[in-house]
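Next up is one chain by itself, shown in structure tokens, the form predicted on its own.
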């Protein structure tokens, strides 16, 4: 079973990667501007999937994987400015080859830690043995500043598995606000620069 799972998700990841590349390339051709700094993708290891199911209280079965793990395929799209986040989200959600299942805007409403990003859960159609299957994937779209903060946030949470001390939480909140302010300033600078183009 484990091998068939890997093949299916690898195929779906490749399909989604190709679609995203086409969408972003067509955006660049249309607007004469490349908003994407870089894209990263991954497939969760079987061990990570097992741990996630165990944490949720489910046994490792094909049905439970499909029902309770939505981020086996993960894409992270890092862009320059906040406005680019929403441009890329619009591109993805209007694609006829990607089905939107769920969205979470952590930019408008950041997490308690200050984490900001735009998350999409999508369904990718794949064709296996003359049958169409829809495979879930998570796409995160964020600015360079948000990506920096998310990486730091992850490391802090990993270090304090039993709970983050209040002193550290307060510092995190303060730094998260600095990151958000920086993104706003960069967006404003981009608006000024656009006058000279």
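Positions refer to the first chain, counted from 1. This is a predicted model, so every value here is computed, not measured.
What follows is about the form predicted in complex with a small molecule, which we do not show.
Under a 4.5 angstroms non-hydrogen atom cutoff, the small molecule in the model of the complex has residue 153 among its neighbouring residues. When the small molecule is considered in the model of the complex, residue 93 lies well away from it, no heavy atom lying within 4.5 Å. Among residues of the shown chain, residue 104 is one whose heavy atoms approach the small molecule to within 4.5 Å in the model of the complex. The small molecule is not drawn, but in the model of the complex it has no heavy atom within 4.5 Å of residue 86. Taking 42, 62, 170, 159 one by one, only a single residue has any non-hydrogen atom within 4.5 Å of the small molecule in the model of the complex, and it is 42. Checking 138, 133, 50, 66 against the small molecule in the model of the complex, a heavy atom within 4.5 Å turns up for just one residue: 138. When contacts are defined as a non-hydrogen atom within 4.5 Å, none of 38, 177 and 185 contacts the small molecule in the model of the complex.
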